[in-house]
Structures are given as structure tokens and as C-alpha cells.
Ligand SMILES: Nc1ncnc2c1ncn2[C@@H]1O[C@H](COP(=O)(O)OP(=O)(O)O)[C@@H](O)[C@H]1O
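One chain comes next, on its own, written as C-alpha cells: the form predicted alone.
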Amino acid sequence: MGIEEKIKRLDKQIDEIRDRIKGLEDFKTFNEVFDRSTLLTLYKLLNKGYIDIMYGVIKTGKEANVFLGLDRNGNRVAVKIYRIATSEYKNMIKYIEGDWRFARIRKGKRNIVFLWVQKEFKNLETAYRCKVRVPKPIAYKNNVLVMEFLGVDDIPYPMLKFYEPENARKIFDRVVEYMRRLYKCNLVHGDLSEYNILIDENEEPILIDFSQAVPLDHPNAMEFLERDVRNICRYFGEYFDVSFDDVYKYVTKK
């Protein structure tokens, strides 16, 4: 196949995936997120059936946007796309270096972002296997991660930050138990707060955003764990008395 034919084929693939992205009238967001490389990545995931159609934004973060999508079977999925051009990859490195699972780090922003996505997928697999309520990871490719969609119909579950608990103690106990299960499975979330916890219709918490999670032998693991515990104690301390020492001892006890 000649170069011109290859270009025509790539352009056709890009046009096809563009036609499957709905509900994005904000062209600035579209162009910022869906560059040529990302569109080709989405096309490959589409060919495997992980994505069929994508709709509007569920969540916008500093480094990534999450979109509602449907897979080939009509099941709702969450599609998380990291923006390569604007990602703070230097901040990512401190969570990657020292993680034995990713000992070989190829230099360059694009390679770091791709590794970051792989890291989040692996961390979600570990958490899910250890019976922590998280979005079930489905697939990843380059800067795109496909996960279970968590919500009712097309509406995602709310963040704890924007939710008024009826039973804060119940949510607190479950979150702390999940932190303990992660610890027993050799993992620390590393950025746990009311912004990274969703609440379902039964007031059950769901932990999200696992890209920065590290194994216990990471040089900063215990520092990250202490920060997680302080964040959880700070939030729930608005509802009842919480002891940092008690929570930390429970999470880390053998």
C-alpha cells in the first residue's frame, strides 16, 4: 500500500470515529481532546467492540475528560481520555518512578501519558480483584481507558463532595474498609478524598481515579497513605469525631 493510500485509509477511519462522537458542540473541547492520534486510538477500540458510540462529557479533570459511551452490545461505558498536550506529565513521574511494575520508563510526554493509562488500568484490576468497589476496567489503548459506567440511566453517580449523606458513618466505615483491602492487596490509592469517591443510590461508596496509586514498596507509599487517611478523617470529621490514629492503625494492621 502506497503512502497516499495509507493516508486516505487513515482519514476514512478518522471520519468514521468522528461520526460516532455525539453531543459535543464545544469545538474547543473537541479539538483539545480528539486530536488525530486519539481518534485513531478510538477507532482501534471501536473495531474491537469496546466502543460503538460516544456521547457527552461525564467529568472534566485537570488531565483527562470522561465521556459516556456505548459498546457494541449497547452497554454503557465510561471512556476516559487523557489530553496529551496539556497533561502534567512531570507530576506523573513521581508516582511512576519507584513502582517496580513500571521499571522501564521511556522518555517523552506521550510515552509517560500512555504508561499512566496502563498504570490506572492495572491498579483498577487489582482493586476490583480485591473486592474494592471501583469501576470495572474493560480495555485501554494509548491515552484512552474504557471502564464500567457507574450511574442510573445516563446520569453518573455524584461525587461525595457534592452529596449530602443521610448516613455518613456508613459511608465512612465502607471507605475505610476499602482502604484496608487495598493495603492488604499491596496498594495505596494516593489521592483519596471526597473528590474521588462516588455515591450510588444505596449510599454505597465507589472509589475512582487510580492512576496515581502505588504499591506498598514505593518509596512514598506510606506518605501517600497518611495523606489519604488525613483527607478522609478531615471530610468525615465534619459529621462525627474521627481519630486519625485509629483509622491508620485499622488500615495497616496485619
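Predicted model only: the values in this text are computed from it and were never measured. Just count from 1 along the sequence shown to find any residue number.
In what follows, reference is made to the form predicted in complex with the ligand, a form of this protein that is not presented.
Remark: G61 counts among the residues lining the ligand in the predicted bound form, judged by a heavy atom distance of 4.5 Å or less. Heavy atoms of D209 reach within 4.5 Å of the ligand in the predicted bound form, making it an interface residue.
Taking the partner from the other structure, the ligand in the predicted bound form has a heavy atom within 4.5 Å of a heavy atom of A78. Proximity of P156 to the ligand in the predicted bound form: non-hydrogen atoms within 4.5 Å are present.
For the ligand in the predicted bound form, the listed stretch (192 to 200, 34 to 42, 216 to 224, 47 to 55) containing residues with heavy atoms inside 4.5 Å is 192 to 200. Shown without its partner, this chain lists F114, F121, F172, F149 as candidates; in the predicted bound form, only F149 has a non-hydrogen atom within 4.5 angstroms of the ligand.
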